[in-house]
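There is one chain below, alone, in structure tokens, taken in the form predicted alone.
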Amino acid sequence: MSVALRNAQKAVPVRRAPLRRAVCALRAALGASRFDVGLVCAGNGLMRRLNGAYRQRPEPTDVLSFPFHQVAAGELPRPRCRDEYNLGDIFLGVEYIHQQCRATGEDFDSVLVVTAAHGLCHLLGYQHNTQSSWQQMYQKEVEILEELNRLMGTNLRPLTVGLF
């Protein structure tokens, strides 16, 4: 199935092909290759509006995930028809991420991929609102990023180290 990537902002150049390849590999590491994923690269304005509308926090953020299915952490959806082979949509706040990377000196493209991995985990029911759910999500992020590192020769780690 496909990863549909749309760049809906002009503030930051995004290397779409490597990002799409990484998301395809991450989706495979999650066992979800049969499912479509929408990936939108968004600026601060759109992220502020979405974050305000859906989380009552009218400020830009790094990632928002909108799952197509409601599943328990780590479960794959059980589609009943072809149209339901969809994990959902991930909005990457690329302008916000770029600003954070400039402040911290981290590599923008690497952080973008790790943030997409975080968003994919949210599409599959992982959350981080308690210490135990964060630990479960963190372990899944480590697992899929290790697989990506093996395939692509990278050295990516989750961004949420020490959240609790």
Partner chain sequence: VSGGWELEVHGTEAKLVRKIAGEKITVTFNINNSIPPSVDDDEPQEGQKSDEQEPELTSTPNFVVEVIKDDTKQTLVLDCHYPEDEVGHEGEEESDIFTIREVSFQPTGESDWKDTNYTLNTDSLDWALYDHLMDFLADRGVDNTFADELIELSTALEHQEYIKFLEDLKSFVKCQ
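The structure presented is a predicted model; accordingly, all values stated were derived computationally and were not measured. Positions refer to the first chain, counted from 1.
Keep in mind the form predicted in complex with the partner chain is missing from the figure; the text below concerns it.
Out of the listed residues L112, V40, A29, M137, V40 is the one that sits within 4.5 Å of the partner chain in the predicted bound form by at least one heavy atom.
Judged by heavy atoms within 4.5 Å of the partner chain in the predicted bound form, the contact stretch among the candidates 118-126, 55-63, 41-49, 93-101 is 41-49.
Among heavy atoms of N7, some come within 4.5 Å of the partner chain in the predicted bound form. Interface residue remark: L151 is not counted as part of the site for the partner chain in the predicted bound form, having no heavy atom within 4.5 Å. In the predicted bound form, the partner chain stays beyond 4.5 Å of every heavy atom belonging to V142.
In the predicted bound form, the residues of 1-38 lying within 4.5 Å of the partner chain by at least one heavy atom are, in order, S2, V3, A4, L5, R6, N7, A8, Q9, K10, V14, R15, R16, A17, P18, R20, R21.
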